[in-house]
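Next up: just one chain, as structure tokens, the form predicted alone.
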Amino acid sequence: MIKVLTYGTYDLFHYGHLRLLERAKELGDYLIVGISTDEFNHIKGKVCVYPYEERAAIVQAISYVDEVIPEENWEQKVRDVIENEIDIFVMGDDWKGEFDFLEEHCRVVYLPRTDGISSTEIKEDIKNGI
């Protein structure tokens, strides 16, 4: 069985999120998604519309996702890869190079983001009344 791991905030779930999860699942048999907790988002300076529990429930409901785990800090990635016996670590290509240190434990893949959509843009549009 090939196990895949990815992380994200997954606030304001949209088509780009769905495509990323679909393409991540295509790389293996079992997809684990780490979702940033509210506390971790606070440390990163992010404010979410939805709390962790709701974001996790939405992502867990996606048919491509086999398991959801909390992302509580930057440092847990190596531990998660080792403990979950991950074969492939996946992130969007806007993170290209940031997780190459995981290559000693698994394959690292950066997938292209879906053009024209992001949670940040959606929040800006809402803020601007668009």
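Given the structure is predicted, the values throughout are model-derived calculations rather than measurements. Residue numbers run from 1 along the displayed sequence.
Here the subject shifts to the form predicted together with a small molecule, a form of this protein not shown in this document.
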property: In the predicted bound form, C106 touching the small molecule (heavy atom, 4.5 Å); result: no
property: 4.5 Å heavy atom contact, H17 and the small molecule in the predicted bound form; result: yes
property: Contact of F99 with the small molecule in the predicted bound form (heavy atom, 4.5 Å); result: yes
property: Proximity of K44 to the small molecule in the predicted bound form, heavy atoms at 4.5 Å; result: yes
property: One residue of E67, E26, D94, E39 in contact with the small molecule, assessed in the predicted bound form (non-hydrogen atom, 4.5 angstroms); result: D94
